[in-house]
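Before any questions on binding or motion, here is one chain by itself as structure tokens, the form predicted on its own.
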């Protein structure tokens, strides 16, 4: 009987997923004579045993396509919503599916949530090997995730286009970029697009300092400013409040801890849409008209860049080599032009934030780009 592996995509869609599926499938078939089963709609499809056998023709023509041909979902393997109000741990059933198909390994393509799910499956006796994808670039243990380069390219193009409008109307153009609680995307696109102000979660900002830098530009003859804001950017005041709440949670337990966590979640929700308040405040402080552009999910769509196709391809090919060697319980990390199997337990639940002394941050400061502090 042919050796068999499974593959699925989980979490949000990201450019390069199909390139990775293609690479895993083709390398498994051609280099290792393996069968490849693609489970539909992520871990939900694994639980329901919904799959397709990926033949060569199924992998043809998908390299340049955005999204994922297998579909995806955000289901949690140990806390799956059954649709009837109940939450169940479905790992035992998933293990039955894996054993039924005699899978040597399950290849999981995803971000941090997928790494956590993958580790939980590995702990339940399911051999997992994961590939890091996300436009946020926040997966720990790897140089970069596929999807990030495409998102930076799309966001940079948007900032490029905003320059002409900002210049023509003497406006502050505030563009909100994705990234959850990390600033890789906003920082990268802001630098590449020539933003005048870049605000990221890792460096809490003072809105008056931001306004001051914009006013200084106006006084120096520049009548417009481009402000790139990560969706998780936070003011110094809010950061102080949040830190206090986190410390209280750490010092509490039981019901009180649960209530404090709920309050923290509600506090974070109030900051969603904070870009609008930021733009309004900047307009009031500077006397300049301001406009907001929220790129949203457009950053995740469309054709992946050549860099993302290359990254996804070499990670996918490396994954099948590791499987052939009997390696599992790892994420395939990018290390320069090479790959490295990193244990999932060293990756799951660890967010890769932007170091405040990162070379990109230093470059921004040296160029005179305001970071809000």
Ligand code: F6P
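Just so you know, these numbers come straight off a predicted model, no measurement behind them. Numbering follows the first chain given and starts at 1.
The same protein has a further form, the form predicted in complex with the ligand, not shown here; the description that follows concerns it.
Original post:
Okay, which stretch from 211-219, 97-105, 133-141, 286-294 lines the ligand in the predicted complex, with non-hydrogen atoms inside 4.5 Å?
Top reply: Selected range: 133-141.
**OP:** Taking 4.5 Å between heavy atoms as the contact cutoff, choose which of 74, 258, 169, 161 touches the ligand in the predicted complex.
**Re:** The residue from 74, 258, 169, 161 that makes the contact is 74.
Subject >> Residue (of 190, 110, 179, 147) lying close to the ligand in the predicted complex, criterion heavy atoms within 4.5 Å >> reply: The option sitting close enough to the partner is 179.
Original post:
So, in the predicted complex, is residue 120 in contact with the ligand at a 4.5 angstroms heavy atom limit?
Top reply: Residue 120 lies outside the contact set for the ligand.
Original post:
Is residue 91 a contact residue for the ligand in the predicted complex, using a 4.5 Å heavy atom cut-off?
Top reply: Residue-level check for residue 91: no, no contact with the ligand.
Subject >> Residue contact check: residue 116 to the ligand in the predicted complex, 4.5 Å heavy atom >> reply: Residue 116: no, not in contact with the ligand in the predicted complex.
**OP:** Between 3-34 and the ligand in the predicted complex, list the residues on our side with a heavy atom within 4.5 Å.
**Re:** Residues within 4.5 Å: none.
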